[in-house]
Structures are given as C-alpha cells and as structure tokens.
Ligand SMILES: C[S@@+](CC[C@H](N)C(=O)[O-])C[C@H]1O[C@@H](n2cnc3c(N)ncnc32)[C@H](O)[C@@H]1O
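Below, in structure tokens: the form predicted alone, a single chain.
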C-alpha cells in the first residue's frame, strides 16, 4: 500500500518580501484622501464605498438598507460574528468597522489602509480594540492568526492596469498566499470585487481605454472569476461565488442621485471639477455594468488544512 504524506499547502515566504504588483500608495491617496464630507454626501450614512445587496424591485429598497444587508452578509458568511480576531484589507471610511462595533464590540480587529484621511477619520470613533494601520497587506505581519479576513472592493488595486491574465493571476496568488498565512485553518476570507464579465481575456486593456472606466482604478485592473479561483486554489476551498451586477447598477444609481441632489453644495465644498469627475466616472461605470462588460463578484473561501498527497 502506498504511504500517505500530509503536507501544509502554505509556503512560508516572509510577508515582507511580497512585491506590490498593483496600485501605488500615491494612486490610492490621490483618490481616497479627499474631503470626507464629499463622501458623506453621496455614499450616505453608512459611508460604504462598495455595492450593497438589494432586494428587487429596487424602488422598494433603500441604499442604507442595501448597505447594511451587505455588511451583515459578509460578517455572517465569514464567521466574523463568532470570531476572536478579524482582519479587513482596505477599511475605507469604516462602514464595516461601524457595523462590527455594533455587533461585536469586544472583537480584536485589525484594518489595513493606505489612505491617511480615511485612517484619521475612522480613528475618531473606533475603540482601542479596533486597530487601524496605515500599511499595505504586502508588508503587514502578525504572529497571531486571524479567524476571518474581509476585503470589500480593494482587489481592484492589486494588479496593474496593463497586467495580462498571467500577471493578474500572479498578483492575486500573492494576495491569497498572504491570506493563507494570516488565517487559521478553517478560517474564511470573504471578498467583494468588481470584475470582468463579457470581456474576453486579453482585451481588458483595450476595453479600459475605450470605455474610460479607469477613473476609480487609475493604476488597477479587474479580475475574471477564473483568475481568482486559480490563484486561491493552493490555499483555499471554495465556499461561495456569485456574480450580482444588478447590485452595483442600483448602488451606482443611488450614488448618482445623491451627488446630483447635493451638487450645488458640493461644488462649493470641493469645486465643480471634482464633482463633475465623480458624476462622469460613476456614469461610465454604470454603463459598463448595464452593458455587461463588468460584474460584481462575491467570493468566499475557507483556509485548507494539511493536504494529503
């Protein structure tokens, strides 16, 4: 009888050696380190800068209800509700933090961001056990494993704008390797990300140029579902994968309504050029979703245990 060999699927490469194959800190700051009141006006009370989960017909739902539903969905499916330690990669303006403070005020939470303004904003209300760090995931290190990792629309920044399929897979592989090292066996990663839909691999750069949808991902790119699955397979089992483009269609329409209703106020606050840029970029993204070029992925993965080979 052949012998059975048990191996750990996670290569023990030091986290500090991970290269950044995506957006630079300067690019992240150029978009996110802006006047917080701009985001308060168009994102709504949750300050969630990601798509909600809508109940159709959408005219019977609200942006705030959809955002709360989204946050609870990721908390529940990742196991963060019963976790001891949770890591968030890209905490934004703190929408998930606010929800976790309500549901799990005793949680040991760590959030990563490269945007100074967002970190300063969140630190005004986050308690001491909710730690926010100005650090990229490529350089973050910890000696204690996490029970859950959440990342809501940060993966768009992990691969470069001109990256081809193989380069995107490599960029995502590095991220999932990081998640594999940071998670305990059985821990889950819950991810939400804009992704390519009816765009053939190899034509992404041309589509970005023609559609001009890179206003929010100036140095970034989007994944195909297959790229994320291939990149994560050595370390994770698939729990859930869905594509829900309508969730972003409804969210973008709500953001545009908010921007237009506050346009005069925002023009005085940040200038008409910035406001028109947001309206134009959100409109272009909406067209990409309605046209089927882009979709919204929710991906949930579970950290593998020792592999029998």
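In this text, all values refer to a predicted model and were calculated from it rather than measured experimentally. Numbering follows the first chain given and starts at 1.
Same protein, other form: the form predicted in complex with the ligand, not shown, and the subject of what follows.
At a distance threshold of 4.5 angstroms between non-hydrogen atoms, residue 211 is out of contact with the ligand in the predicted bound form. Heavy atoms of residue 138 reach within 4.5 Å of the ligand in the predicted bound form, making it an interface residue.
The closest heavy atom approach of residue 108 to the ligand in the predicted bound form falls outside 4.5 Å. Although the partner is absent here, residue 188 sits far enough away that none of its heavy atoms falls within 4.5 Å of the ligand in the predicted bound form. Residues within 4.5 angstroms of the ligand in the predicted bound form, judged by any non-hydrogen atom, belong to 110-118 and to none of the other stretches in 162-170, 141-149, 110-118, 199-207. In the predicted bound form, every residue of the candidate spot (32, 50 and 154) has a heavy atom lying within 4.5 Å of the ligand. Only one of 90, 195, 180, 220 lies close to the ligand in the predicted bound form, with a heavy atom inside 4.5 Å, and it is 90. Of the candidates 132, 95, 78, 232, 95 is the one whose heavy atoms come within 4.5 Å of the ligand in the predicted bound form; the others do not.
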